[in-house]
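The chain below stands alone and is given as structure tokens, in the form predicted alone.
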Amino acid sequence: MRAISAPWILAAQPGFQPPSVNELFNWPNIVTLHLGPLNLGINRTVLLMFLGAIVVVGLFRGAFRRPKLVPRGLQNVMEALIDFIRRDIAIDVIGPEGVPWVPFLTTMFIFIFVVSVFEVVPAIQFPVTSRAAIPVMLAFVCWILYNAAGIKKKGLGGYLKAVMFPPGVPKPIYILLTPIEFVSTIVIRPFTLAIRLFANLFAGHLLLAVFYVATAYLIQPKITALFSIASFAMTVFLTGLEVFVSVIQAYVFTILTAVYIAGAVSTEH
């Protein structure tokens, strides 16, 4: 990766060219495969996505392959996480009907965290969720599930009625409110889920790349070596921040999914 530096340094060194967004986020195919216009090629992002899935399976298997009555180590951590999601997300948000959703919500939380925190893992240093296709697919899965749950609970007509005709509203208002409710619930929700996750990890990766490379670049000429200390300190801070952001984004994505499920299956008005 080529170095990135401040504009005034770039001006002094006309031969310098910082890496583009494509160089940071787009990886060439390792295996090229096309199905008509659909690109099914395998690149580094796809491999990291598979690695994230393997890590999630490994965490569950390692924790519960031989569960002990008094949990220790990984089992203790995983049980605490499952209990947190069961109590504070599934039951608190969805209610008693949320208990069957605990496995899905837990898996979603752990997978998003793992593939996001890859950003700070040495030799990987790339958050899979910074590629828009991954958050979009996760959001699409959630969209299918919460709509399917609502249709199963209320029937197609009853579900659409609950979405588009909220009770207690004067009938003339439905002319304006109904299309808004339909678009916001059926169309907009998956995009807001995906964009929130994608944008945060995209920005975080971009910032870390800038400060990592700036540190290496600034330390070389003696005149800018002192500036590399500040750049390195910012890199350390952003690395810790990325771990925090990975946790927060996994939590937000999971709890919003639970909110959408609750809205779909709720019979209260």
Partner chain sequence: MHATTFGLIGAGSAGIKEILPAANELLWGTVSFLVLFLLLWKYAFPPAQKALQARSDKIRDDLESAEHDRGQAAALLADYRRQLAEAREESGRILEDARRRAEEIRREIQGRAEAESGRIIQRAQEEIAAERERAIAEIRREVGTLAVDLAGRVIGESLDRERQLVLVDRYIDDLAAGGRGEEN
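What you see is a predicted model; the values in this text were computed from it and never measured. Take the two forms, find the largest set of C-alpha atoms that superpose within 1.5 Å, and that set is the rigid core. Numbering follows the first chain given and starts at 1.
Quick note: we don't show the form predicted together with its partner chain, though the next part is all about it.
- Contact between residue 138 and its partner chain in the predicted bound form is found at the 4.5 Å heavy atom cutoff.
- In the predicted bound form, its partner chain sits within 4.5 Å of a heavy atom of residue 25.
- Contact between residue 94 and its partner chain in the predicted bound form is not found at the 4.5 Å heavy atom cutoff.
- Remark: residue 57 counts among the residues lining its partner chain in the predicted bound form, judged by a heavy atom distance of 4.5 Å or less.
- The candidate site formed by 117, 205 and 237 is entirely out of contact with its partner chain in the predicted bound form, as no residue has a non-hydrogen atom within 4.5 angstroms of it.
- Looking at 151 to 159, 194 to 202, 170 to 178, 117 to 125, the stretch with residues near its partner chain in the predicted bound form, meaning non-hydrogen atoms within 4.5 angstroms, turns out to be 194 to 202.
- Although its partner chain is not shown here, in the predicted bound form the stretch 110 to 132 places heavy atoms of 111, 131, 132 within 4.5 Å of it, in sequence order.
- Relative to the superposed rigid core, the position of the CA of residue 26 differs between this form and the one not shown by less than 2 Å.
- In the core-superposed comparison between this form and the one not shown, the C-alpha atom of residue 236 has shifted by less than 2 angstroms.
- Relative to the superposed rigid core, the position of the CA of residue 203 differs between this form and the one not shown by less than 2 Å.
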